[in-house]
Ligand code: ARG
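Shown below, as structure tokens, is a lone chain in the form predicted on its own; questions about how it binds or moves come after it.
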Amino acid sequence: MKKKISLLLVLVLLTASLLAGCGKGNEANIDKKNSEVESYSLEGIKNKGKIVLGTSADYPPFETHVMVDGVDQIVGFDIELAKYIADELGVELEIRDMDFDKLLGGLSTGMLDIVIAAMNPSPERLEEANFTDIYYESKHTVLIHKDNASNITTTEDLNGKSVGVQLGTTQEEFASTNIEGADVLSLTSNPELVMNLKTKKIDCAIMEEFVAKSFSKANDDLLVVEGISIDSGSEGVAIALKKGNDGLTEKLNEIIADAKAKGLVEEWFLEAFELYN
């Protein structure tokens, strides 16, 4: 009788062990499947419950730091777009403020899921990253110290001048290749350019039109040269993603089209411009 009971117990334990082994195998397969999903893909973002945004918050009204109820926050047109995207995907938004020229590198390493930083999809950048459809048509202009108002009135007046630009931008490329005899100063941030203008270390700075207008409104000694409009060679600004991240690119294009159709894009821009100014 004891032998029969012992044999039955062995069979029960063996069956339980086999079932446990199968369960672990299934869990391992599930874990392996999840690990194969890239964290920056559409599925990966939904799995982790957040989307990681890379931006360079020195570019009002697109993105900038402001004090809200005593707390430093990053706000702006691009940030509102990012919030809308996060809501549409049903995930949280995590913002990482970086130097502009480091943003595409953050995408390539998988550290960032998307970049929204008033970035132009230039031919060179299209080789490095995916870009969505254009969400805002941008223009570039020139910001100067008021003391230079009579010296810089046309594009030709930029020849031979010291020109400030943000590092890694299409403005930097334009100044280096299209302005004859220009002494180009490339700096990390736009506030640095503004400081150099105010102290007259440079003659002018090339910026996106409304960025330049934002700085001129915040600084009485600076002004935008109304007679100069610079063609950067790109149609506007778009969201950048890791090269080959086509599923998320397609989804973001749908979200952008929806936001435009609802009139939200224009609304966000006007609100951001008024907030900073």
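For clarity, every value in this text was computed on a predicted model and none was experimentally measured. Residues carry their position along the shown sequence, with the first being 1.
The form predicted in complex with arginine is left out here; the points below concern that form.
For a residue to qualify, one of its non-hydrogen atoms must sit within 4.5 Å of arginine in the predicted bound form; all three of Glu63, Phe100 and Thr170 qualify.
Remark: of stretches 217-225, 38-46, 242-250, 51-59, the one touching arginine in the predicted bound form is 51-59 (heavy atom within 4.5 Å). Contact check for Ala117: a heavy atom falls within 4.5 Å of arginine in the predicted bound form. Arginine is not shown here, and in the predicted bound form it never comes within 4.5 Å of any heavy atom of Arg96.
Residue contact with arginine in the predicted bound form: Thr132 places no heavy atom within 4.5 Å of it. Although the partner is absent here, His140 sits close enough that one of its heavy atoms falls within 4.5 Å of arginine in the predicted bound form.
In this stretch, 250-271, not one residue has a heavy atom within 4.5 Å of arginine in the predicted bound form; the partner itself is omitted from this view.
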